[in-house]
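There is one chain below, alone, in C-alpha coordinates, taken in the form predicted alone.
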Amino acid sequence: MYQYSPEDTKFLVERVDQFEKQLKRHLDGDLDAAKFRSLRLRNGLYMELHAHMLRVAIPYGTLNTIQLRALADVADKYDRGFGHFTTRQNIQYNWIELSEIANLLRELSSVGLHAIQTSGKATRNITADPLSGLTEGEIADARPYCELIRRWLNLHPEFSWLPGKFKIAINGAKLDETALRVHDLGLRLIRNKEGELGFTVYVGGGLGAAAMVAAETASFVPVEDILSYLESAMRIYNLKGRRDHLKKLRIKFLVRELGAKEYSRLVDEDWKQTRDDPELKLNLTHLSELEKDFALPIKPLALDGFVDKVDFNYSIWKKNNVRAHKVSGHSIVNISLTKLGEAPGDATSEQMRILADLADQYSYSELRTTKRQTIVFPYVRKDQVFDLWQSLEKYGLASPHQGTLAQIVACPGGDYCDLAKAGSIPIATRVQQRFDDMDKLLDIGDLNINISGCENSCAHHHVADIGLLGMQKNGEEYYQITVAGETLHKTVIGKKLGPSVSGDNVVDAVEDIVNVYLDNREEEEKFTEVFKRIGIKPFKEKVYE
(Lines give C-alpha, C1' and ligand atoms only; values in the text may rest on other atoms or scores of the structure.)
Protein backbone atom coordinates (compact mmCIF):
# COMPACT_ATOMS: atom_id res chain seq x y z
CA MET A 1 0.00 0.00 0.00
CA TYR A 2 1.28 3.47 -0.91
CA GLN A 3 2.42 5.66 1.98
CA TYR A 4 2.88 9.42 1.89
CA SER A 5 6.49 10.50 1.43
CA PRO A 6 8.41 12.57 4.04
CA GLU A 7 7.86 15.60 1.77
CA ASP A 8 4.09 14.97 1.83
CA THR A 9 4.11 14.69 5.63
CA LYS A 10 6.15 17.88 5.96
CA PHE A 11 3.62 19.68 3.78
CA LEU A 12 0.71 18.43 5.90
CA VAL A 13 2.40 19.72 9.07
CA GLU A 14 3.06 23.11 7.47
CA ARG A 15 -0.57 23.31 6.36
CA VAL A 16 -1.77 22.62 9.93
CA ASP A 17 0.59 25.30 11.27
CA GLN A 18 -0.80 27.77 8.75
CA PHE A 19 -4.42 26.96 9.59
CA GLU A 20 -3.69 27.15 13.34
CA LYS A 21 -2.55 30.76 12.91
CA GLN A 22 -5.68 31.59 10.90
CA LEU A 23 -7.82 29.94 13.55
CA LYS A 24 -6.12 31.90 16.35
CA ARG A 25 -6.78 35.16 14.52
CA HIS A 26 -10.43 34.20 14.22
CA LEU A 27 -10.78 33.19 17.88
CA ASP A 28 -9.02 36.42 18.91
CA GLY A 29 -11.50 38.46 16.89
CA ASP A 30 -9.01 39.61 14.25
CA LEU A 31 -10.62 37.54 11.47
CA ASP A 32 -14.41 37.75 11.25
CA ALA A 33 -16.64 34.77 10.50
CA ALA A 34 -17.19 35.75 6.86
CA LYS A 35 -13.47 35.94 6.10
CA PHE A 36 -12.70 32.82 8.12
CA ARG A 37 -15.40 30.80 6.33
CA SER A 38 -13.47 30.14 3.13
CA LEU A 39 -10.36 29.22 5.13
CA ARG A 40 -12.12 26.70 7.34
CA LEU A 41 -13.96 25.18 4.39
CA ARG A 42 -10.66 24.60 2.59
CA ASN A 43 -9.59 22.67 5.64
CA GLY A 44 -12.70 20.50 5.69
CA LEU A 45 -14.56 22.30 8.47
CA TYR A 46 -18.31 23.00 8.21
CA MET A 47 -20.72 24.61 10.65
CA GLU A 48 -23.55 22.11 11.05
CA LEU A 49 -26.79 22.00 13.04
CA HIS A 50 -25.26 21.35 16.47
CA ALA A 51 -21.51 21.87 16.12
CA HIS A 52 -18.68 21.98 13.61
CA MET A 53 -18.34 19.00 11.28
CA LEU A 54 -14.94 17.93 9.97
CA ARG A 55 -14.57 15.89 6.78
CA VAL A 56 -11.34 13.88 6.56
CA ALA A 57 -10.09 12.64 3.20
CA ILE A 58 -9.47 8.94 2.66
CA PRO A 59 -7.48 9.11 -0.60
CA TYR A 60 -9.09 6.83 -3.22
CA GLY A 61 -10.80 5.03 -0.33
CA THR A 62 -7.71 3.18 0.92
CA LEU A 63 -6.74 3.02 4.61
CA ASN A 64 -4.14 1.14 6.61
CA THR A 65 -4.85 -0.03 10.14
CA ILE A 66 -2.59 2.58 11.75
CA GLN A 67 -4.72 5.27 10.08
CA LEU A 68 -7.98 3.62 11.13
CA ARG A 69 -6.83 3.50 14.75
CA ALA A 70 -5.91 7.18 14.50
CA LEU A 71 -9.44 7.91 13.24
CA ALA A 72 -10.81 5.99 16.23
CA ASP A 73 -8.64 8.09 18.56
CA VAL A 74 -10.00 11.27 16.96
CA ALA A 75 -13.54 9.99 17.52
CA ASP A 76 -12.83 9.53 21.23
CA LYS A 77 -10.76 12.65 21.89
CA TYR A 78 -12.53 15.21 19.73
CA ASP A 79 -15.98 13.83 18.94
CA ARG A 80 -18.52 11.62 20.72
CA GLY A 81 -16.95 8.25 20.05
CA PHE A 82 -17.97 7.70 16.43
CA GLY A 83 -17.37 8.76 12.84
CA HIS A 84 -19.49 8.65 9.69
CA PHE A 85 -18.15 7.04 6.49
CA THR A 86 -19.57 8.90 3.48
CA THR A 87 -20.59 8.03 -0.07
CA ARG A 88 -17.38 9.64 -1.38
CA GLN A 89 -15.01 7.45 0.65
CA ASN A 90 -14.33 10.09 3.34
CA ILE A 91 -15.09 10.08 7.05
CA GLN A 92 -16.92 12.87 8.91
CA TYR A 93 -17.00 13.92 12.55
CA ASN A 94 -20.07 15.84 13.70
CA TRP A 95 -19.20 17.26 17.14
CA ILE A 96 -15.93 19.15 16.75
CA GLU A 97 -14.92 22.03 19.04
CA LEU A 98 -13.37 24.82 17.00
CA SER A 99 -10.60 25.46 19.50
CA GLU A 100 -9.40 21.83 19.23
CA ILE A 101 -9.26 21.52 15.45
CA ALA A 102 -5.54 22.27 15.04
CA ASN A 103 -4.52 19.55 17.49
CA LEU A 104 -6.88 17.12 15.75
CA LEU A 105 -5.42 17.88 12.32
CA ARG A 106 -1.87 17.60 13.66
CA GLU A 107 -2.60 14.10 14.97
CA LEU A 108 -4.03 13.09 11.60
CA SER A 109 -1.03 14.47 9.72
CA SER A 110 1.26 12.16 11.71
CA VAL A 111 -0.39 9.16 9.99
CA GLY A 112 -0.73 10.70 6.52
CA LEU A 113 -4.34 11.90 6.78
CA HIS A 114 -5.73 15.39 6.31
CA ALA A 115 -8.84 17.45 5.58
CA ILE A 116 -7.35 19.67 2.85
CA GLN A 117 -9.87 20.58 0.14
CA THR A 118 -12.54 18.21 1.42
CA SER A 119 -14.91 21.15 1.13
CA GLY A 120 -14.99 24.56 -0.51
CA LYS A 121 -14.79 25.55 -4.16
CA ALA A 122 -11.84 23.34 -5.00
CA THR A 123 -11.02 19.88 -6.24
CA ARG A 124 -12.17 17.37 -3.64
CA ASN A 125 -10.79 14.00 -2.62
CA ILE A 126 -10.35 11.88 -5.78
CA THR A 127 -12.35 8.67 -5.50
CA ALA A 128 -11.69 5.27 -7.08
CA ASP A 129 -13.24 1.84 -7.40
CA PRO A 130 -12.91 0.30 -3.90
CA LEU A 131 -12.03 -2.97 -5.63
CA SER A 132 -9.19 -1.45 -7.65
CA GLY A 133 -6.59 -4.08 -8.42
CA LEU A 134 -8.75 -6.94 -7.15
CA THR A 135 -11.10 -8.08 -9.92
CA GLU A 136 -10.80 -9.95 -13.21
CA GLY A 137 -11.00 -8.01 -16.46
CA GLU A 138 -9.72 -4.76 -15.00
CA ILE A 139 -7.90 -2.53 -17.50
CA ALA A 140 -5.61 -1.13 -14.81
CA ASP A 141 -5.56 -0.28 -11.12
CA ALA A 142 -6.91 3.29 -10.86
CA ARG A 143 -5.15 4.22 -7.62
CA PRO A 144 -1.68 5.12 -9.00
CA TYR A 145 -3.37 7.56 -11.38
CA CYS A 146 -5.44 8.99 -8.54
CA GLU A 147 -2.25 9.64 -6.60
CA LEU A 148 -0.37 11.26 -9.48
CA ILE A 149 -3.31 13.49 -10.34
CA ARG A 150 -3.74 14.37 -6.65
CA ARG A 151 -0.10 15.48 -6.46
CA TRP A 152 -0.47 17.67 -9.53
CA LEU A 153 -3.90 19.11 -8.79
CA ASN A 154 -3.93 19.78 -5.05
CA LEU A 155 -3.26 23.49 -4.50
CA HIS A 156 -2.86 24.05 -8.24
CA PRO A 157 -2.65 27.88 -8.33
CA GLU A 158 -4.94 28.25 -11.34
CA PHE A 159 -7.69 26.13 -9.77
CA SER A 160 -7.58 27.19 -6.14
CA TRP A 161 -10.75 29.28 -6.51
CA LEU A 162 -13.05 27.50 -8.90
CA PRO A 163 -16.64 28.64 -9.54
CA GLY A 164 -17.86 25.65 -7.49
CA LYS A 165 -16.75 22.41 -5.88
CA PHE A 166 -15.18 19.89 -8.22
CA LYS A 167 -15.35 16.12 -7.77
CA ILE A 168 -13.22 13.65 -9.73
CA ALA A 169 -13.52 9.86 -9.94
CA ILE A 170 -11.31 7.33 -11.75
CA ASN A 171 -12.12 3.72 -12.63
CA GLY A 172 -10.34 0.94 -14.49
CA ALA A 173 -12.69 -1.98 -13.81
CA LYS A 174 -15.50 -3.56 -15.83
CA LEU A 175 -18.21 -2.38 -13.44
CA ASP A 176 -18.57 1.25 -12.42
CA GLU A 177 -18.35 1.11 -8.63
CA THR A 178 -17.40 4.82 -8.61
CA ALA A 179 -20.44 6.32 -10.40
CA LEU A 180 -18.09 8.08 -12.84
CA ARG A 181 -20.72 9.92 -14.82
CA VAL A 182 -22.37 11.70 -11.91
CA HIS A 183 -19.08 13.40 -11.06
CA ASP A 184 -17.88 16.76 -12.34
CA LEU A 185 -15.17 14.83 -14.13
CA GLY A 186 -14.85 11.07 -14.58
CA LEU A 187 -11.93 9.16 -16.05
CA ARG A 188 -12.32 5.61 -17.35
CA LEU A 189 -9.13 3.68 -18.11
CA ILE A 190 -9.30 1.98 -21.52
CA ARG A 191 -7.07 0.54 -24.23
CA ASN A 192 -7.38 1.64 -27.86
CA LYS A 193 -7.19 -0.66 -30.88
CA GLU A 194 -3.39 -0.54 -30.74
CA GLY A 195 -3.43 -1.67 -27.12
CA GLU A 196 -2.26 1.70 -25.80
CA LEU A 197 -3.50 2.76 -22.38
CA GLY A 198 -5.50 5.96 -21.99
CA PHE A 199 -8.65 7.52 -20.62
CA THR A 200 -12.17 8.21 -21.79
CA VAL A 201 -13.15 11.53 -20.21
CA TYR A 202 -16.62 12.48 -19.00
CA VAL A 203 -17.38 16.03 -17.86
CA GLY A 204 -20.42 17.73 -16.37
CA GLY A 205 -22.08 15.12 -14.22
CA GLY A 206 -23.64 15.79 -10.86
CA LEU A 207 -26.66 15.15 -8.68
CA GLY A 208 -28.30 17.78 -6.50
CA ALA A 209 -31.43 19.69 -7.47
CA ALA A 210 -30.62 19.28 -11.19
CA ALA A 211 -29.20 15.79 -11.68
CA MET A 212 -27.18 15.34 -14.87
CA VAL A 213 -25.15 12.59 -16.51
CA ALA A 214 -21.68 13.69 -17.63
CA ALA A 215 -21.03 14.02 -21.36
CA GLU A 216 -18.15 12.24 -23.04
CA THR A 217 -15.71 14.96 -24.05
CA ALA A 218 -12.81 12.76 -25.20
CA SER A 219 -12.99 9.13 -26.24
CA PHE A 220 -9.26 8.50 -25.78
CA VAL A 221 -6.60 10.60 -24.09
CA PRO A 222 -3.20 8.87 -23.87
CA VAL A 223 -1.99 8.33 -20.30
CA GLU A 224 0.96 10.69 -20.67
CA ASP A 225 -1.35 13.51 -21.88
CA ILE A 226 -4.00 13.33 -19.18
CA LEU A 227 -2.65 16.20 -17.06
CA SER A 228 -2.63 18.66 -19.95
CA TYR A 229 -6.15 17.59 -20.94
CA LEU A 230 -7.42 17.97 -17.37
CA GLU A 231 -5.82 21.41 -17.15
CA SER A 232 -7.61 22.52 -20.31
CA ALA A 233 -10.93 21.03 -19.19
CA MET A 234 -10.73 22.83 -15.85
CA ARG A 235 -9.41 26.05 -17.35
CA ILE A 236 -12.48 26.41 -19.56
CA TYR A 237 -14.65 25.87 -16.48
CA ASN A 238 -12.63 28.39 -14.49
CA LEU A 239 -12.94 30.98 -17.25
CA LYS A 240 -16.58 30.49 -18.18
CA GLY A 241 -18.23 28.96 -15.10
CA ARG A 242 -21.31 30.75 -13.71
CA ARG A 243 -19.91 32.60 -10.70
CA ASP A 244 -22.80 35.02 -11.05
CA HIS A 245 -25.49 32.48 -10.13
CA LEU A 246 -25.36 30.61 -6.80
CA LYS A 247 -27.46 27.73 -8.14
CA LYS A 248 -25.41 27.31 -11.31
CA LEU A 249 -21.87 27.17 -9.98
CA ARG A 250 -21.08 23.57 -10.93
CA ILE A 251 -19.51 22.63 -14.25
CA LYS A 252 -22.59 20.61 -15.24
CA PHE A 253 -24.46 23.88 -15.85
CA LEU A 254 -21.68 25.22 -18.05
CA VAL A 255 -21.63 22.03 -20.14
CA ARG A 256 -25.42 22.14 -20.44
CA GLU A 257 -25.53 25.82 -21.43
CA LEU A 258 -22.66 25.64 -23.92
CA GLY A 259 -23.57 22.17 -25.14
CA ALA A 260 -21.17 19.25 -24.82
CA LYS A 261 -19.93 19.69 -28.38
CA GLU A 262 -19.02 23.35 -27.91
CA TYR A 263 -17.46 22.74 -24.50
CA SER A 264 -15.33 19.94 -26.00
CA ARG A 265 -14.29 22.21 -28.87
CA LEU A 266 -13.13 24.89 -26.45
CA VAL A 267 -11.17 22.34 -24.43
CA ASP A 268 -9.53 20.88 -27.54
CA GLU A 269 -8.60 24.35 -28.76
CA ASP A 270 -6.91 25.14 -25.45
CA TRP A 271 -5.32 21.68 -25.27
CA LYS A 272 -3.52 22.17 -28.59
CA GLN A 273 -1.44 24.89 -26.96
CA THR A 274 -0.37 22.84 -23.93
CA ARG A 275 -0.42 19.20 -24.98
CA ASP A 276 3.27 19.13 -25.89
CA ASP A 277 4.41 21.03 -22.79
CA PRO A 278 6.96 18.68 -21.11
CA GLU A 279 5.95 20.05 -17.69
CA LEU A 280 2.45 18.67 -18.24
CA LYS A 281 3.45 15.20 -19.38
CA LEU A 282 2.51 12.57 -16.84
CA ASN A 283 5.76 11.20 -15.42
CA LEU A 284 5.79 7.56 -16.50
CA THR A 285 8.78 6.82 -14.27
CA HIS A 286 6.85 8.04 -11.24
CA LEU A 287 3.86 6.03 -12.46
CA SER A 288 5.97 2.88 -12.64
CA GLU A 289 7.26 3.48 -9.11
CA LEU A 290 3.74 4.04 -7.82
CA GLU A 291 2.49 0.87 -9.47
CA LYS A 292 5.06 -1.01 -7.41
CA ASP A 293 3.83 0.73 -4.25
CA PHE A 294 0.26 -0.28 -5.07
CA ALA A 295 1.16 -3.87 -6.02
CA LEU A 296 -0.99 -6.48 -4.27
CA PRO A 297 0.68 -7.99 -1.19
CA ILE A 298 -0.58 -11.50 -1.99
CA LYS A 299 0.33 -14.38 -4.30
CA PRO A 300 -1.85 -17.20 -5.66
CA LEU A 301 -2.63 -19.99 -3.20
CA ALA A 302 -3.54 -23.52 -4.25
CA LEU A 303 -5.31 -24.48 -0.98
CA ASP A 304 -5.50 -28.11 -2.08
CA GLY A 305 -8.24 -29.99 -0.30
CA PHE A 306 -9.83 -26.91 1.24
CA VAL A 307 -13.54 -27.36 1.91
CA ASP A 308 -15.48 -24.40 3.29
CA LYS A 309 -17.55 -24.72 6.46
CA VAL A 310 -21.24 -25.61 6.28
CA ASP A 311 -23.26 -23.23 8.42
CA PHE A 312 -26.62 -21.69 7.53
CA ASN A 313 -25.98 -18.17 8.87
CA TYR A 314 -22.45 -18.14 7.48
CA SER A 315 -23.72 -19.20 4.06
CA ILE A 316 -26.21 -16.31 3.96
CA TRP A 317 -23.54 -13.82 5.02
CA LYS A 318 -21.02 -15.21 2.54
CA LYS A 319 -23.49 -15.06 -0.36
CA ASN A 320 -24.15 -11.36 0.25
CA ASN A 321 -20.78 -10.14 1.53
CA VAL A 322 -18.01 -12.12 -0.17
CA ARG A 323 -16.82 -11.59 -3.75
CA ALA A 324 -14.43 -13.43 -6.01
CA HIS A 325 -10.81 -12.27 -6.07
CA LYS A 326 -8.62 -12.30 -9.17
CA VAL A 327 -5.79 -13.87 -7.13
CA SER A 328 -6.60 -17.54 -6.56
CA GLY A 329 -7.03 -18.66 -2.98
CA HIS A 330 -8.34 -15.26 -1.84
CA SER A 331 -11.66 -13.46 -1.40
CA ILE A 332 -12.90 -9.88 -1.11
CA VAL A 333 -15.00 -9.36 2.02
CA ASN A 334 -17.52 -6.54 2.39
CA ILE A 335 -18.49 -5.47 5.92
CA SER A 336 -21.73 -3.58 6.45
CA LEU A 337 -21.90 -0.61 8.83
CA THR A 338 -25.69 -0.39 8.60
CA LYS A 339 -27.43 -1.15 11.88
CA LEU A 340 -31.04 -0.76 12.92
CA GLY A 341 -31.66 2.66 14.44
CA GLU A 342 -28.25 4.08 13.54
CA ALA A 343 -27.07 6.27 10.68
CA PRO A 344 -25.85 4.09 7.80
CA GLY A 345 -22.09 4.43 7.61
CA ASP A 346 -21.59 5.26 11.28
CA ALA A 347 -18.82 3.39 13.11
CA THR A 348 -17.93 3.72 16.77
CA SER A 349 -14.33 4.08 17.85
CA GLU A 350 -14.54 0.56 19.30
CA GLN A 351 -15.74 -0.82 15.96
CA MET A 352 -12.91 0.97 14.14
CA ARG A 353 -10.34 -0.60 16.45
CA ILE A 354 -11.95 -4.03 16.08
CA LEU A 355 -11.86 -3.68 12.28
CA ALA A 356 -8.22 -2.58 12.46
CA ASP A 357 -7.31 -5.62 14.56
CA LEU A 358 -9.16 -7.96 12.21
CA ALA A 359 -7.59 -6.34 9.14
CA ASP A 360 -4.15 -6.89 10.69
CA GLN A 361 -5.04 -10.54 11.16
CA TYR A 362 -6.91 -11.25 7.93
CA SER A 363 -6.30 -8.50 5.32
CA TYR A 364 -2.63 -7.48 5.35
CA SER A 365 -3.49 -4.39 7.42
CA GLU A 366 -5.43 -2.74 4.57
CA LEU A 367 -9.06 -1.66 4.25
CA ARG A 368 -11.11 0.15 1.62
CA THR A 369 -14.17 2.41 1.96
CA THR A 370 -17.03 2.44 -0.55
CA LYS A 371 -19.85 4.62 -1.88
CA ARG A 372 -22.26 2.15 -0.22
CA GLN A 373 -20.77 3.21 3.16
CA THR A 374 -19.26 -0.21 3.78
CA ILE A 375 -15.75 -1.40 4.63
CA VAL A 376 -13.86 -3.81 2.35
CA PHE A 377 -11.19 -6.28 3.43
CA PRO A 378 -9.36 -6.74 0.10
CA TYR A 379 -7.04 -9.68 0.84
CA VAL A 380 -8.70 -12.47 2.81
CA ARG A 381 -7.54 -16.06 2.33
CA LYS A 382 -10.43 -18.33 1.37
CA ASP A 383 -9.59 -20.72 4.19
CA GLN A 384 -9.84 -17.84 6.70
CA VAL A 385 -13.16 -16.31 5.59
CA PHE A 386 -15.14 -18.45 8.06
CA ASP A 387 -12.85 -17.46 10.93
CA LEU A 388 -13.22 -13.80 9.98
CA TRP A 389 -17.00 -14.19 9.91
CA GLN A 390 -16.98 -15.72 13.38
CA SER A 391 -14.97 -12.77 14.69
CA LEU A 392 -17.28 -10.26 12.99
CA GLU A 393 -20.27 -12.12 14.43
CA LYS A 394 -18.76 -11.92 17.91
CA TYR A 395 -18.50 -8.13 17.65
CA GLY A 396 -21.83 -7.49 15.96
CA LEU A 397 -20.28 -6.66 12.59
CA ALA A 398 -21.49 -9.67 10.60
CA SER A 399 -24.63 -8.11 9.15
CA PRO A 400 -25.73 -10.28 6.20
CA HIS A 401 -27.62 -7.40 4.60
CA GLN A 402 -24.99 -6.30 2.06
CA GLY A 403 -26.64 -6.29 -1.37
CA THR A 404 -30.16 -6.40 0.06
CA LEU A 405 -32.85 -3.80 0.54
CA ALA A 406 -31.87 -3.45 4.22
CA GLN A 407 -28.37 -2.19 3.29
CA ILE A 408 -29.58 1.40 3.05
CA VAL A 409 -27.37 4.33 2.08
CA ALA A 410 -28.28 7.57 3.84
CA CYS A 411 -26.86 10.94 4.77
CA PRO A 412 -27.07 12.10 8.41
CA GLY A 413 -30.14 14.14 7.43
CA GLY A 414 -32.06 16.36 9.82
CA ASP A 415 -30.49 14.75 12.89
CA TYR A 416 -27.20 16.55 12.21
CA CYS A 417 -27.17 18.65 9.04
CA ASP A 418 -28.50 22.21 9.02
CA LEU A 419 -29.17 21.95 5.28
CA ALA A 420 -31.48 18.95 5.64
CA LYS A 421 -35.18 19.41 5.03
CA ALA A 422 -36.12 16.03 6.53
CA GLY A 423 -34.75 13.07 8.43
CA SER A 424 -32.92 10.20 6.78
CA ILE A 425 -31.99 7.94 9.68
CA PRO A 426 -35.55 7.50 11.04
CA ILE A 427 -36.84 6.54 7.57
CA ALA A 428 -33.97 4.09 7.09
CA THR A 429 -34.81 2.51 10.44
CA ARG A 430 -38.50 2.16 9.57
CA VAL A 431 -37.71 0.58 6.20
CA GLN A 432 -35.43 -1.93 7.93
CA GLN A 433 -38.14 -2.70 10.47
CA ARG A 434 -40.68 -3.27 7.69
CA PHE A 435 -38.34 -5.66 5.88
CA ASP A 436 -36.89 -7.50 8.86
CA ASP A 437 -37.32 -11.03 7.55
CA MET A 438 -34.11 -12.44 6.06
CA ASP A 439 -35.99 -14.93 3.87
CA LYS A 440 -37.98 -12.03 2.41
CA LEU A 441 -34.83 -9.99 1.83
CA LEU A 442 -33.15 -12.89 0.07
CA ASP A 443 -36.23 -13.37 -2.11
CA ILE A 444 -36.22 -9.68 -3.05
CA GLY A 445 -32.52 -9.95 -3.88
CA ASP A 446 -30.20 -7.15 -4.97
CA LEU A 447 -32.25 -3.96 -4.56
CA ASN A 448 -30.90 -0.73 -3.13
CA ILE A 449 -32.50 2.24 -1.37
CA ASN A 450 -30.73 5.59 -0.91
CA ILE A 451 -32.11 8.41 1.27
CA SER A 452 -31.04 12.06 1.07
CA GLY A 453 -32.26 14.64 3.58
CA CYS A 454 -32.11 17.49 1.06
CA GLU A 455 -31.56 18.30 -2.61
CA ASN A 456 -27.76 18.25 -2.20
CA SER A 457 -28.13 14.49 -2.71
CA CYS A 458 -25.25 13.40 -0.48
CA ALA A 459 -26.73 9.88 -0.39
CA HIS A 460 -26.91 9.66 -4.21
CA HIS A 461 -30.63 8.90 -4.17
CA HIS A 462 -30.94 9.74 -7.89
CA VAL A 463 -28.96 6.63 -8.90
CA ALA A 464 -30.58 4.06 -6.60
CA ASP A 465 -33.25 1.51 -7.46
CA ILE A 466 -35.46 3.42 -5.03
CA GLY A 467 -34.40 6.95 -4.07
CA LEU A 468 -35.98 9.11 -1.38
CA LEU A 469 -35.42 12.88 -1.22
CA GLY A 470 -36.50 14.69 1.93
CA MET A 471 -38.38 17.97 1.68
CA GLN A 472 -40.70 20.22 3.71
CA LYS A 473 -44.37 20.99 3.05
CA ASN A 474 -46.18 23.23 5.50
CA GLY A 475 -43.72 22.32 8.21
CA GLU A 476 -44.10 18.57 7.67
CA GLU A 477 -41.61 16.09 6.23
CA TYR A 478 -42.33 14.71 2.77
CA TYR A 479 -40.28 12.53 0.42
CA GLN A 480 -39.97 12.64 -3.33
CA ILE A 481 -39.52 9.16 -4.77
CA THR A 482 -37.35 8.27 -7.76
CA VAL A 483 -37.03 4.78 -9.22
CA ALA A 484 -34.69 2.81 -11.48
CA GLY A 485 -31.53 4.86 -11.18
CA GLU A 486 -28.28 3.03 -11.81
CA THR A 487 -24.53 3.43 -12.33
CA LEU A 488 -22.97 -0.04 -12.23
CA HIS A 489 -23.38 -0.99 -15.90
CA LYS A 490 -24.51 2.34 -17.29
CA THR A 491 -25.54 5.63 -15.71
CA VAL A 492 -29.24 6.44 -15.51
CA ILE A 493 -30.90 9.11 -13.37
CA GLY A 494 -33.95 7.69 -11.60
CA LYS A 495 -37.41 8.68 -12.81
CA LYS A 496 -39.60 10.78 -10.50
CA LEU A 497 -42.54 8.61 -9.52
CA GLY A 498 -45.07 11.35 -8.83
CA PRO A 499 -46.06 13.78 -6.07
CA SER A 500 -44.03 13.62 -2.86
CA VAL A 501 -45.29 11.30 -0.14
CA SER A 502 -45.64 12.22 3.54
CA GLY A 503 -43.19 10.85 6.07
CA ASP A 504 -46.04 8.85 7.61
CA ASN A 505 -46.74 7.05 4.33
CA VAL A 506 -43.35 6.80 2.66
CA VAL A 507 -42.46 3.34 4.01
CA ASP A 508 -45.81 2.02 2.74
CA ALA A 509 -44.90 3.49 -0.66
CA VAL A 510 -41.52 1.71 -0.60
CA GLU A 511 -43.28 -1.58 0.17
CA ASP A 512 -45.75 -0.98 -2.67
CA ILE A 513 -42.86 -0.43 -5.12
CA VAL A 514 -41.12 -3.59 -3.96
CA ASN A 515 -44.32 -5.61 -4.31
CA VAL A 516 -44.90 -4.40 -7.87
CA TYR A 517 -41.36 -5.49 -8.66
CA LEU A 518 -41.89 -8.94 -7.14
CA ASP A 519 -45.29 -9.42 -8.81
CA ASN A 520 -43.82 -8.67 -12.26
CA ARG A 521 -40.35 -10.20 -11.96
CA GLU A 522 -39.44 -12.96 -14.38
CA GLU A 523 -36.73 -15.46 -13.38
CA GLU A 524 -33.72 -13.51 -12.03
CA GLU A 525 -34.63 -10.05 -13.33
CA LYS A 526 -33.17 -7.08 -11.48
CA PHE A 527 -35.34 -4.14 -10.45
CA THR A 528 -34.18 -1.90 -13.29
CA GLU A 529 -34.79 -4.70 -15.82
CA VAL A 530 -38.39 -5.08 -14.66
CA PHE A 531 -38.84 -1.30 -14.75
CA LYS A 532 -37.56 -1.09 -18.33
CA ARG A 533 -39.94 -3.85 -19.38
CA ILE A 534 -43.16 -2.72 -17.67
CA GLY A 535 -42.56 1.03 -17.37
CA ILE A 536 -43.41 3.42 -14.56
CA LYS A 537 -47.21 3.16 -14.74
CA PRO A 538 -47.73 0.04 -12.56
CA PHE A 539 -45.52 1.49 -9.81
CA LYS A 540 -47.28 4.84 -9.91
CA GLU A 541 -50.75 3.26 -9.86
CA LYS A 542 -49.88 1.15 -6.83
CA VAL A 543 -48.35 3.97 -4.78
CA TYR A 544 -51.00 6.58 -5.56
CA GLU A 545 -54.12 4.36 -5.83
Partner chain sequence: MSESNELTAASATLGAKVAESRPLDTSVLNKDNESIELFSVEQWIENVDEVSKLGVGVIVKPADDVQLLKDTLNDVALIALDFNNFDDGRGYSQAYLLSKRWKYAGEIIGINAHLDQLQFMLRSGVTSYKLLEGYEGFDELDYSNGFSICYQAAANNSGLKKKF
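Residue numbers count along the first chain shown, from 1. Fair warning: this is a prediction, and the values are worked out from it, not measured in the lab.
What comes next is about the form predicted together with the partner chain, which is not displayed.
In the predicted complex, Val310 stays away from the partner chain, with no heavy atom inside 4.5 Å. Residue contact check for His401: none of its heavy atoms lie within 4.5 Å of the partner chain in the predicted complex. The shortest heavy atom separation between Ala302 and the partner chain in the predicted complex exceeds 4.5 Å. Taking non-hydrogen atoms only, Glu541 never approaches the partner chain to within 4.5 angstroms in the predicted complex. Segments offered: 376-384, 83-91, 144-152, 310-318. Contacting the partner chain in the predicted complex at heavy atom distances within 4.5 Å is 144-152.
This chain lacks the partner; the member of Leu497, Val507, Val492, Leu41 within 4.5 angstroms of the partner chain in the predicted complex by a non-hydrogen atom is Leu41.
Exactly one listed residue, out of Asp184, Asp465, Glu177, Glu231, brings a non-hydrogen atom to within 4.5 Å of the partner chain in the predicted complex: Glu231. Taken together, the three residues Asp8, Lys35 and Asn283 all come within 4.5 Å of the partner chain in the predicted complex, as judged by their closest heavy atom. In the predicted complex, the partner chain lies within 4.5 angstroms of at least one heavy atom of each of the following residues of 10-29: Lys10, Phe11, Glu14, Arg15, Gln18, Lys21, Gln22, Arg25, in sequence order.
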